[in-house]
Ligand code: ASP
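Next up: just one chain, as structure tokens, the form predicted on its own.
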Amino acid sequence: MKFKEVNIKTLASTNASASILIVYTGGTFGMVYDDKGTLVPFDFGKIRENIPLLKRFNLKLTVISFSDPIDSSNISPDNWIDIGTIILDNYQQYDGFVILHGTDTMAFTASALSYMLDNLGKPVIFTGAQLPLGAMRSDARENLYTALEIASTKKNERPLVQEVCIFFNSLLLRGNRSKKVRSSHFGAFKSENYPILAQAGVIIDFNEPALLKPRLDNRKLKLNTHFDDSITLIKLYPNINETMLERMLTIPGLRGVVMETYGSGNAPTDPWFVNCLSKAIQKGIIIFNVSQCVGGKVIQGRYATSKQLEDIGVVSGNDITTEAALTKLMFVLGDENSIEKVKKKLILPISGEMN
């Protein structure tokens, strides 16, 4: 992947309050209207002309842009690695990072980065827009300005936020707790199972007890880049049949399944259903149970309809989101071959993605 780098002249000289690296990957944010009224990606080399207020920040600002911006629908683990590598390569030079990303898969990418960036001690703030930068009522500028302010906020000379987050429409959310829930409103993201980390109004009100505990030992950042994509997602629905389930569970090379169940982890109790899952588990396929509910929590064994899942070895996802579960399963499988070690890592939080 090729990148373009642009230094932005701001009010800051040698006494910048913080240094922030902005990474533009693509998405709605960077679209403007051309002379014909058609939306096209704007040249980030001209970012000051498109977002003139940036020069009023007392920050050292640099933009690294993907040469070929990616629609977030086309995002892949290779792109996650690109973003992670940019952060690793520039980690010592900057106090924080703002990632401009399409909204459709932002929660997936934020979750993946939260696992990849081991010993992270600085803010990595994802943001984007529901309306293009060139649109009259665009939310792009406000989201960017506040994300920059959050990424540059310090306490006791250390970054206040030291984790991967999503900032959108006045709310700062933990990245691996977030989910896109709306496509036609500015409030696109929610975090139903974890408190908001900050709310931006006249001031930015941080919920400090909810933030990941700051790292004080200055451990070196490590980037873990192994992902195994031999997984699938199975969403339960009334009248799911044996033939379809068997076909999905016998995909050649399949190593793991995120299974979206009902409510608190409930599933059909038909013997054929339980038998299909049991045979897959006996072959070494990991079944990771998450709730279909936006604010759901899996409690296997609470009802008879989930007790059998517990008995055959289905792994409970607790209150993890589907986005965080899929990326976590790929991440853990990429790092481990032992089935028992994979199961143990799945039930323990890596970076605050589950209780």
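On a predicted model such as this, the values are computed, not experimentally measured, just so you know. One rule holds for the numbers: they count along the sequence shown, beginning at 1.
There is another form of the same protein, the form predicted in complex with this ligand; it is not shown, and what comes next is about it.
Exactly one of the stretches 154-162, 123-131, 273-281, 169-177 approaches this ligand in the predicted complex with heavy atoms within 4.5 Å, and it is 123-131. Proximity to this ligand in the predicted complex, defined as a heavy atom within 4.5 Å, singles out one entry of N193, S72, T146, S114, which is S72. Exactly one listed residue, out of T28, N289, S65, T322, brings a non-hydrogen atom to within 4.5 Å of this ligand in the predicted complex: T28. Shown alone here, G256 lies farther than 4.5 Å from this ligand in the predicted complex, counting heavy atoms only. G84 falls outside the set of residues with a heavy atom inside 4.5 Å of this ligand in the predicted complex. By the criterion of a heavy atom within 4.5 Å, D104 is counted among the residues contacting this ligand in the predicted complex.
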